[in-house]
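Only one chain comes next, encoded as structure tokens, the form predicted alone.
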């Protein structure tokens, strides 16, 4: 069924199911880009990507190309990646240093790194025209709102809406805990990332992140192979590397996943608690904990390292694994195409071995070349292909529907495999699209 967007909205989203057209319809996708990705706070990048004046990186917010840049006064600006003259992209590369100004490769209009127009060629040619070099229309347009939380830069393309702190709410624990795990209280991004395009809708990716029912099915073969190697090593009285556990954990049976809990917040944010509290007693971990105690004291160190959160979703497009210093940003390109950026971070002040642990997880689990990610990408593609077929109109989110606990707008699942995170995301989706009608 093809819809015309708002007129069918109320019957497209039900408490325990959604119509397949919300994944496949071009008009609905266009509305999402305007109503969600141009209004919500969307992750742009990390301040450590633009350390020096002139450093920049590019990002998509919805379908809007933007530049995050460090100005000469140290401030970070988020600008539209569009020359005010004829509309050419100013920055075609994903990152670099532009010095003191951006120059357009088409007609050489020059802009300061705060977006103000600095010079144009042959200015006499504009005398007697409506063009005025000092007019705001001829500066680079800035994102309506830009805020940074502990070094993580978010932008909203809407001048109105909640402040970033209110928007993040309790989901800010993802960024707090990642930074607190650094003895220096800060993280630094590793400047290269994995980028790949999923041939599926962006919501399928977001729904999968806290889906505790799929790992034992989707990733069972990889987990089983790693678990067998662990058993063989232990039979030889050898201690398996911690990295094997990253994979063998996928053999965790359904009933164990069901013991976990998701907590679901306003604005569509969700959190999966439990599963991977990585505190082995190996020498690397003990050395790291000693450094933490030097900086924080024993009591606060235990509070920080005792946070057992595996995954936090910051809606609409950010997936954070704080204990493993990983972050994934979903950038929708079309109803059936999603760019995913996968980043990891260094904990400032932590021993190098702790970074190597995060790097191992990054390569073993989150790399597009691993069997784990390949399994997910295959399922995402299969879902999108099936949703385009006429085999049924509805997508089911019935698991434990009506059986979770809600208090002050926060929904806590009674079971880890509840589809509460998916229902919560669509609750936010409906609110965004409904409010955009008024």
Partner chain sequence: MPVVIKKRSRKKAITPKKNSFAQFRVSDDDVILREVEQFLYRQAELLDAKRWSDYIELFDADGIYWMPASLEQITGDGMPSIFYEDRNLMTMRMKRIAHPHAWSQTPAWGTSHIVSNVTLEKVDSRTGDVSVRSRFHMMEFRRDASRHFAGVYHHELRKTKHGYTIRLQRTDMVNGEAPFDYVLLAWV
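Quantities reported herein were computed from a predicted structural model and do not represent experimental measurements. Positions refer to the first chain, counted from 1.
We do not show the form predicted in complex with the partner chain, though everything after this point is about it.
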| property | result |
| --- | --- |
| Single option in 258, 118, 220, 114 placed near the partner chain in the predicted complex, where near means a heavy atom within 4.5 Å | 220 |
| Residue among 228, 294, 137, 302 with a heavy atom within 4.5 Å of the partner chain in the predicted complex | 228 |
| Residue stretch of 120 to 128, 266 to 274, 205 to 213, 240 to 248 approaching the partner chain in the predicted complex, non-hydrogen atom distance within 4.5 Å | 240 to 248 |
| 4.5 Å heavy atom contact with the partner chain in the predicted complex for all of 17, 394 and 404 | no |
| Residue 281: touches the partner chain in the predicted complex, heavy atom cutoff 4.5 angstroms | no |
| Any non-hydrogen atom of residue 381 within 4.5 angstroms of the partner chain in the predicted complex | yes |
| Any non-hydrogen atom of residue 105 within 4.5 angstroms of the partner chain in the predicted complex | no |
| Any non-hydrogen atom of residue 357 within 4.5 angstroms of the partner chain in the predicted complex | no |
| Residues in 190 to 209 close to the partner chain in the predicted complex, defined by a heavy atom within 4.5 Å, in order | 190, 192, 194, 195, 196, 197, 199 |
